[in-house]
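Single chain ahead, written as structure tokens, the form predicted on its own.
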Amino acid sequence: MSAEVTIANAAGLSSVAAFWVFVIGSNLRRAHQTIERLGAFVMMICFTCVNVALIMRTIEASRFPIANLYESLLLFAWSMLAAYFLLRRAYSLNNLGWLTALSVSTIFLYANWLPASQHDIAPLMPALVSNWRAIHVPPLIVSYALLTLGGLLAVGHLWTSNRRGTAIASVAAIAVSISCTAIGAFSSVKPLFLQLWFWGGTAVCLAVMAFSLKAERLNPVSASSRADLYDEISQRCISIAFPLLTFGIITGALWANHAWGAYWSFDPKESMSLATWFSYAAYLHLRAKADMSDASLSVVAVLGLLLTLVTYFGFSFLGFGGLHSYGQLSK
């Protein structure tokens, strides 16, 4: 095992430790602040390990490490941790710690269980040998991390504003995506089965979300400062991520024209990235017009999160193919 992999594993273990520190701290009121600071310190250890792992991989590969799914997950984890520390300075939201730690732990668990070919440093494929790779990919990965955090905080907003049924259906929809990701990466399952499971399960969850949201509107909801804070931070994450997503799509079109001779080919991943962009454009537009309730906007944010997960992971485990098929997993 190389030193870089060992340090990456240390980052994963420290994220798990941070999660449990935050959970324990949330149940000990007297020592809550002390334990919360301890959790933040462990998260800083995790963040430091991720930085060291990225630097070591950059030196070893003689390039910025964003050539496969494993490397992009390292950058994804780095982005979520950086966002956590920035948001922790700006807002006092205790639950942000365990939520980020749980997300980062899941990322590292998935990254460590990827096929060995994803961990190896190999020569770049011809399609990836371009300066556009370092321009196009990092903004997208950072935007995905922020959008993921924003979507999870939207679920927190639904829960704390007493939209419990809608929140549970949202978690179920996210669980469908995660389960498809795991099965597609770690077993040989026909893509058609995974696609049916994903789209069918997601459709059922979305229907339950819509029904629950409509039913829960009939019940009076008391104002909650924590719910408002969840909503505000979710909006902030999406507002920052949207320009990065836009930049990533534009530079992707420029790279496509350089590599394939066309700015847009309606490739499945291109089309899904555009659908994701429209979902968040709709969120920001509806937010600006203030014609929808905060709970409805949170549902839109969760829908955007699901599209983000499909755009990021779907073309590695759902077998959509297309011009981006070089990103699929090889077992």
Partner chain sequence: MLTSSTEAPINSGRLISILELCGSLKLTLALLTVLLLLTVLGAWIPQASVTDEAVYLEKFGTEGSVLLNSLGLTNAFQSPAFLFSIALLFLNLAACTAVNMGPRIRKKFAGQDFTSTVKIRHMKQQTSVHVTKSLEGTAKDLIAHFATSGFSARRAGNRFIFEKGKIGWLAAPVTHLGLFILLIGISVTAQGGYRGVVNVNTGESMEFPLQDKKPLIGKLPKWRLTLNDARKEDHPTGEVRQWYSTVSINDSQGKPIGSGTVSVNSPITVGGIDIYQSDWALKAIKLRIDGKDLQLPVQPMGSQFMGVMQIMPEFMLIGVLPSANAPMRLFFKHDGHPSPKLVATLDQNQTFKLGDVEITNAGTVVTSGLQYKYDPGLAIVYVSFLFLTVGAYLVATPSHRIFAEIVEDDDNNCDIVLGSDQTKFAGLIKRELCKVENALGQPNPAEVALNER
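Keep in mind the model is a prediction, meaning the values are calculated, not measured. Positions refer to the first chain, counted from 1.
Note that the form predicted together with its partner chain isn't included here; everything after this is about it.
Student: Would you please decide whether L307 lies within 4.5 angstroms of its partner chain in the model of the complex, comparing each non-hydrogen atom pair?
Tutor: Looking in the model of the complex, residue contacts with its partner chain include L307, since a heavy atom lies within 4.5 Å.
Student: Can you tell me whether P243 touches its partner chain? I mean in the model of the complex, with a 4.5 angstroms heavy atom cut-off.
Tutor: The answer is yes: P243 has a heavy atom within 4.5 Å of its partner chain.
Student: Although its partner chain is absent from this view, report whether F85 comes within 4.5 Å of it in the model of the complex, heavy atoms only.
Tutor: F85: no, not in contact with its partner chain in the model of the complex.
Student: Flag Q235 as yes or no: does it have a non-hydrogen atom within 4.5 angstroms of any non-hydrogen atom of its partner chain in the model of the complex?
Tutor: Yes, Q235 sits close enough to its partner chain in the model of the complex that at least one of its heavy atoms falls within 4.5 Å.
Student: Hey, of 280 to 288, 34 to 42, 48 to 56, 64 to 72, which bit sits against its partner chain in the model of the complex at 4.5 Å between non-hydrogen atoms?
Tutor: After filtering at 4.5 Å, what remains is 280 to 288.
Student: Using a 4.5 Å heavy atom cut-off, which residue among L128, L213, L102, I168 comes into contact with its partner chain in the model of the complex?
Tutor: In short, L128.
Student: Quick one: from N112, S117, N95, S239, grab the residue that has a heavy atom within 4.5 Å of its partner chain in the model of the complex.
Tutor: The residue from N112, S117, N95, S239 that makes the contact is S239.
Student: Looking in the model of the complex, is its partner chain within 4.5 Å of a heavy atom from each of A8, A10 and W20?
Tutor: No, none of the three is in contact.
Student: Mind listing which residues of 261 to 283 have a heavy atom within 4.5 Å of its partner chain in the model of the complex?
Tutor: Sequence-ordered list: G261, A262, Y263, F266, P268, S271, M272, L274, A275, F278, S279, A281, A282.
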